[in-house]
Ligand SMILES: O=C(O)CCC(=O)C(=O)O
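First, one chain by itself in structure tokens, the form predicted on its own.
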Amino acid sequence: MNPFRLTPEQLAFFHTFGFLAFPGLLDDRIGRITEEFEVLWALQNGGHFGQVHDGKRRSCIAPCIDRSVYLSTLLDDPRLVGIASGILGENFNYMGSDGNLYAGDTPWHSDGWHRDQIHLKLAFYLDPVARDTGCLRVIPGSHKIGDHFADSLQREIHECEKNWGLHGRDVPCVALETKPGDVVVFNHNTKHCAFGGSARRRMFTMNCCQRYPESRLQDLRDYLAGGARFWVERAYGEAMISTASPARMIHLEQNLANDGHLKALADKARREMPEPSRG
């Protein structure tokens, strides 16, 4: 049994507000994590993955941790597994990761609008970030589809100046200021953004979700198809798959059984796009 468990209070907080913060959770690993992240970007800047960061717009590696044997072990870390298991169930799906170098602001948005499955993002910031220097901002309770507050935000926040007379940076929110080693997690539905910061803000994520029921496997395949814009041919990178223990494979098996359509979609994207998607 995993010794790391979320408390009932943490679970209630997450389901009510749509996010949690874990200061210092990975302090013991952050040095090596950062080194491995930079190795991936050195390969990226050499053109190995088809995209170069110019400091003017976001750059993205997907999959990210899956390309590194060491970073793949984050999916074995009992603390991260304990968070995901507590929210999503012991047999949760790992849904891939993205490594990012951010430049400029990120406007308010949700990463999905999932009614039936909880999708969870675990975010790791590799530079200190504060309210006005690129930290994650969230709107508590904005993840609850069917709730008047959340549904109103979904309709109106993309034109907040027109609708409310507020610039995005002035929308009421919680600013989750972090330092390297901290972890923040949030429901994909939760409205979030970032303002300010450097032209090379380092951040990567791990995405997980509740296992899909057999009756909704086509929805899962449709979700996985979104990876084609990153020229992704399989649900995971080779390092993640080849080093997987039986315990890790529990979190990979459903996607691996349903990703057979990705290669053809990625090949089509390569023919139509000059480079992989930046987000």
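These figures come from a predicted structure and were not determined experimentally. In case it trips you up, residue 1 is the first one in the sequence shown, and so on.
Omitted here: the form predicted in complex with the ligand. The next part is about that form.
For the chain shown alone, D111 is a contact residue for the ligand in the predicted bound form, at least one non-hydrogen atom being within 4.5 angstroms. Within 4.5 Å of any heavy atom of the ligand in the predicted bound form lies no heavy atom of C208.
With a 4.5 Å cutoff on heavy atoms, F92 does not count as touching the ligand in the predicted bound form; it lies far away.
Among heavy atoms of T106, some come within 4.5 Å of the ligand in the predicted bound form.
Of the candidate stretches 78 to 86, 163 to 171, 147 to 155, 193 to 201, only 193 to 201 has residues with heavy atoms within 4.5 Å of the ligand in the predicted bound form. If you check the ligand in the predicted bound form, you find a heavy atom from every one of Y102, Y125 and L136 within 4.5 Å.
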